[in-house]
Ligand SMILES: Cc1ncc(COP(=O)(O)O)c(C=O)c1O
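Heads up, the chain below is alone and in the form predicted alone; it's given as structure tokens.
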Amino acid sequence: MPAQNGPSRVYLDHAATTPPDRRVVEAMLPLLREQWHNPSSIYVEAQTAYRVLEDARASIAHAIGAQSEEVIFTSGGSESDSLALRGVVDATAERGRHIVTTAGEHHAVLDTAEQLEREGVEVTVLGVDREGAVDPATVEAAVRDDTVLVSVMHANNEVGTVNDVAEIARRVHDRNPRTAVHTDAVQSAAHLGVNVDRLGVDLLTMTAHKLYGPRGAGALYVRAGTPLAAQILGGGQERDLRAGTENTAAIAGMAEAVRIGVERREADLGHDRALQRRLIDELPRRIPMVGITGPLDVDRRLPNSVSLVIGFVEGESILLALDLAGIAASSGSACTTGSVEPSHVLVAMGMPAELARGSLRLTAGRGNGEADIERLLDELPPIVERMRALSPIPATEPPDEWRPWLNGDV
């Protein structure tokens, strides 16, 4: 942590979570202090809580172009993804046991698909291109008569790539009208907004804490008529599709966060794009052997997302040094059991695993300004230089397989 009276910390990890908006907290407080009752009960206080719950449902449904009864509240994105995959598979077992997804998905989808595969479901995992995008024609070709679900994320959480989900959904439904299409829109709902009819999807995942709402609240959109089997049983809540007393305060906070997001969308987009362009332009100029990952065309990536790979350093070391300098960021790598694993997204894009270990993700938000970006640009180059000097591997000549991913030699 910085010393007392030192510079304030810079937060550049909004893809991981966002600070709750002040108005979100204010919307939640009455539900925690006075209107805390169980919305499933019949007395007057409970019915007040029930109205809050249903108003929140209607508000979120309106924002994404859905009907109220098509919105199911969950605990967040991971549960919504799991419910979408497992719920459709269980509800359509007599029709088929085949699903399609991609190698670039969030682990909430990939790990669920792997578990389903262990249970006898056939899973086709499609590759992505070097920008992390999914080819709609490849998805279409993978759909069979027994394919019950296709799950392709709208925007990648690591490299920011936005997939053409509308085209994917159109092709899938043309190939097999009975195949449900699910998209994880956790990142895109926060920054681009989503409309379920324009996307053409049957199921869509959202979560509150990526859009300045609270943790512990999420939603799964389920188009009317889409087969879905409950995975949490025991209470009958959410039209018998998700048991458990609803977290009314967090749900109200989510609805307020969604409302604010719609209200601020254009302003947020312009703000985020300006900071993004500064980083994409300057980082390769200031640091040798750096490569921006994901699309360079900013219209094809999330507006707040800049991902990069740095040759001859490890992402975890960079993060620790940035943290000591008062900057919070993230890496595509995951530190597990004492070893640093390369990002599965970067590896799926074709990047060599050793280079992928040097990944860094910078995601700006409403609280960031130009001064935060300049501070990152001032702090990061000397950190990289020091770490390369300490490395047992001379940072002089990149391996040939690294060269297509980097901007130049040291």
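Numbering starts at 1 and follows the sequence shown. This structure is a prediction, so every number in the text was calculated from the model and none was measured.
One more form of this protein, predicted together with the ligand, exists but is not displayed; see below.
Chemist: Check T207 for me: does it contact the ligand in the predicted bound form (non-hydrogen atoms, 4.5 angstroms)?
Modeler: Within the cut-off, so yes.
Chemist: Can you check whether G77 is within 4.5 Å of the ligand in the predicted bound form, heavy atom basis?
Modeler: Judged by the heavy-atom cut-off of 4.5 Å, G77 is in contact with the ligand in the predicted bound form.
Chemist: Is it the case that H106, even though its partner is missing from this view, gets within 4.5 Å of the ligand in the predicted bound form, heavy atoms only?
Modeler: Yes.
Chemist: Using heavy atoms and a 4.5 Å limit, would one call V134 a contact residue for the ligand in the predicted bound form?
Modeler: It does not: once the ligand is placed as it appears in the predicted bound form, V134 has no heavy atom within 4.5 Å of it.
Chemist: Could you spot which one of N304, N157, S331, S151 gets a heavy atom to within 4.5 Å of the ligand in the predicted bound form?
Modeler: Going through each option in turn, the one that passes is N157.
Chemist: Name the residue from T112, N163, Q187, T248 that puts a heavy atom within 4.5 Å of the ligand in the predicted bound form.
Modeler: Only one option qualifies, and that one is Q187.
Chemist: Looking at 283 to 291, 165 to 173, 223 to 231, 178 to 186, which lies within 4.5 angstroms of the ligand in the predicted bound form, counting heavy atoms?
Modeler: Of the options given, it is 178 to 186.
Chemist: Using a 4.5 Å heavy atom cutoff, which residues in 80 to 101 contact the ligand in the predicted bound form? It's fine if the answer is none.
Modeler: If the 4.5 Å heavy-atom criterion is applied to the ligand in the predicted bound form, 80 to 101 yields only D81.
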